[in-house]
Structure formats: C-alpha cells, structure tokens
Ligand code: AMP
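Below you'll find only one chain, the form predicted alone, shown as structure tokens.
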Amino acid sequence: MAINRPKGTQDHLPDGSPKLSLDTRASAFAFVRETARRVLERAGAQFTDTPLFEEAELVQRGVGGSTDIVRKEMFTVYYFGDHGGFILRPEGTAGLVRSYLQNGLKQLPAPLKLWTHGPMFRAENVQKGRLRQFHQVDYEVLGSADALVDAEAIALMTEVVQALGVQKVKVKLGSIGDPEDREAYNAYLRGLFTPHLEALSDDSRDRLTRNPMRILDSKSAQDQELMGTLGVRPMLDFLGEGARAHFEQVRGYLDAWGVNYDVDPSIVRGLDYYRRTAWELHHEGVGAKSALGGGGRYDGLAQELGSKETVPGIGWAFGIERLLLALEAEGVQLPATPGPLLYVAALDEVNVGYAASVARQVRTLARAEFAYRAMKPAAAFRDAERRGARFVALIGSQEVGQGTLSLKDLQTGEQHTVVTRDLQSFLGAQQSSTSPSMQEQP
C-alpha cells in the first residue's frame, strides 16, 4: 500500500503539476513570501528565523496555558526523563521574543522590527484553510509602546495583503486596555456569568475561574447563545484613561493614512500579557471563519518568559493558506513562473557537453537549461516550448567550429546568429527589454 502524506498537510508542487491548485502551488507561496519581504523590509524590518520546535514551557507561557492551542492542539515531539518536552511551534511570536531576549537584541536600535515566515503546527480538526501544518508570515516590533508603532503595524499588514492583489479586506480594531482595566472587566464577567454556571459549557466553567475573558472566544453554541441573552458589555466600555487615549491615537494615525477599519468591541485577548491594541484582518471569501490573521500588543510577554524588565512589543501574523483562499475568491492571477531565458540543445552526442557548458555560463546572468542528450531540431523546439523558454540555441559541429550559435526567439519567431563569446551581452540586452512578466522575479 502506498504511503500518503499525513492528514492536515499539503505538498507544495511545481507549476504544471497535474494535481495543482492555488494553495498547493509552490510558486504561490514564494510569491507571498517575496511580496511580504519587499513591503516589510522597505519599512525597516529585518528577517529572522527561529527553530521549528521550542521548549514546551516557552509555548505554554507564550501562548497561554488556558488556550485551546496549549490544552488540545500542541504537537509534543520529545520527552526525556523529567524534561518538560519539546513542542512543534504553534505560532511565531513566543519564539521571536525568546530569541530577542536570549541573543541580546536589545542592543540593536529600537524599535526593532523583525519578520519571518515558515510552518506552524496545530493538532486541530482539518477543514478548508485550516491545516495541521500551515504557514504564516509574521511581523513583530520590540522596544516601543508608542501608538504610532501600533498604527504602522496595522497599516503594514494591510499593505502586504493589498500588494498581493487582495482588496476586499477589512480591519476589525479593538483594545483590551491595561492590566487594571482587564481586572475590572474580568470581575464584571465573573459577576455576570456566575449565576448562569449550568448554562455554560464545561470549558467555560473552567475559564470563569481562571480567565473569564476566554469565555468570549468560546466556539460553543450554548456559550454563544448565553452571551447573546445576557447582552455582555464590551471590553471597550472598561478602558481606562491611558488605554483610551492610546486607542484614539492609533485611530487618528489610521484615519490620516486612509487605512480602512471598523471598531469591533468584541475583540478580546484572554492572556494577561496582552495590552491595549488588538485587531483582526477579515475577508468574506474564505468562508464563515473569515479571519486571515490578526495582531496585538503584548507588553507583558517578555516578563512572562523570564525577562526582569518590560519589553514593549506588538506584532501580527497571517496564514498563507488562508490568504491564498482570498486570492482565489477575488480571482487574482499570480504572475506566471518564468521559464528559462535560454534552452540549449546539441544536435549530436559529441556536443552535448559543449551545450551544457554554454548553458552553465549563461546562468551567471539568468536561468538557462540544456538537453541531456542529442536532439533533432523539432524535438528541441517542443521541449523548449514546454519549459517556457524564451530563446533556443541549437549546437552542432558547424556552430562549434565557427564559434557561433543559432538562436531562435520563441516569442517573435526571429532567428539570430550570435558569436558565442557575445552570448551573455546579447541575452542581457534582450532581457532588459523583456516585459516584466517574462523577467525573473526578484
């Protein structure tokens, strides 16, 4: 019996594969990553990377012991004696903050902007756009609590998505206040829900004691019905003076920049280290669960991970698979993967090695491929067209003896005779005049 890939994972396939869809197209993932890199690095972000697995304790502190991710969805990869185990990372923020603290990145100019991408792992029910191994683009800013940093982070998230061609997105913006605001809100929630314990799900009864705000994230239908009946007041009603002023500053910057958003009082973050700004990015085309990603301020996370001092931080992440669903819903056509600028074929076996040498020299300029056996002209042209080549060079003993190449432009049908030593100059001039869709992606 053939071995198949694990449930909840996908193979990312080359263009032209028979079972290809947008969310399995390797070049689509590369396009998302490259677009994010361009937008974020122009704003001063630097690329970083962290291990795919971390200490279990880091993830439990950084994600939260009361969350479904930690309680139900983590992949444990290794135990040894009394060791707490290693966990495949379910998100990127905790590992990035750990790296910031461990490697002394505080010494770099602040605020420090970092970005990364890569696979994340959650043992959840598989459904459209939600996999057990999925991929994220992650952006974090450490070292500043200024509202301008928050606004820029939100704006950059929308800029990355819009640069990819997705336009029908909506920012849902909220605030979860300062610690004292959260304490007041948690006290309100306990007072509201305690008389209705029997109507709560088992998970939410547990949350009521430990972390009442987590009830508002509940996926349980009975919890949602109870909240609708009780008319739960939003966290925004409990913001203190400082948090409210910060929230209005963020809104002011977004308004000035023309970033569209809706204030959503229902947005919450249940963990104690979160502060003030929180938001989600939604797109109706990805289904009932329309969030592409989200972000928030987490000024208390560094201390939760062992820092002796507060390190202000804010960040966001979006799922690449879910973003590709949005691209598909809007009918966005991704750039075609360019074929080789040159395809070289020998007309006889004795010159196959020479043809390979010609192609290898061109690779300092552009993508070039060659035939691994001698080919007749008609077969060489067919193979070049299948590969999407721009130029075909046919090499026989006459061309080798004269030091020339016969090139055909498959776009225009023109024939060219080029001195071999001038091949790179000729192709460079042709490439500079080629339409952007035919040029190699940066």
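Everything numeric in this text was worked out from a predicted model, so none of it was measured. All residue numbers are counted from 1 along the displayed sequence.
One more form of this protein exists, namely the form predicted together with ligand AMP; it is left out here, but the text below deals with it.
| said: Partner absent here, but in the predicted bound form, which of 116-124, 356-364, 179-187, 224-232 has residues with a heavy atom within 4.5 Å of ligand AMP? | reply: Checking each option against the 4.5 Å cut-off leaves 116-124.
| message | Can you pick out, from 204, 158, 136, 211, the residue that has a heavy atom within 4.5 Å of ligand AMP in the predicted bound form? | response | After the contact test, the surviving option is 136.
| message | Which residue, 164, 317, 200, 151, is the contact with ligand AMP in the predicted bound form, using a 4.5 Å heavy atom cutoff? | response | After the contact test, the surviving option is 317.
| field | ligand AMP contact at residue 89 in the predicted bound form, heavy atom, 4.5 Å | value | Because no heavy atom of residue 89 falls inside 4.5 Å of ligand AMP in the predicted bound form, the answer is no.
| query | According to a 4.5 angstroms non-hydrogen atom cut-off, is residue 300 in contact with ligand AMP in the predicted bound form? | reply | It does not: once ligand AMP is placed as it appears in the predicted bound form, residue 300 has no heavy atom within 4.5 Å of it.
| query | Is residue 291 a contact residue for ligand AMP in the predicted bound form, using a 4.5 Å heavy atom cut-off? | reply | Yes, residue 291 is a contact residue.
| field | Close approach of residue 276 to ligand AMP in the predicted bound form, 4.5 Å, heavy atom | value | No, residue 276 sits far enough from ligand AMP in the predicted bound form that none of its heavy atoms falls within 4.5 Å.
| request: Counting only non-hydrogen atoms and a 4.5 Å cut-off, give the residues of 320-341 close to ligand AMP in the predicted bound form. | output: Heavy-atom contacts within 4.5 Å come from 322 alone.
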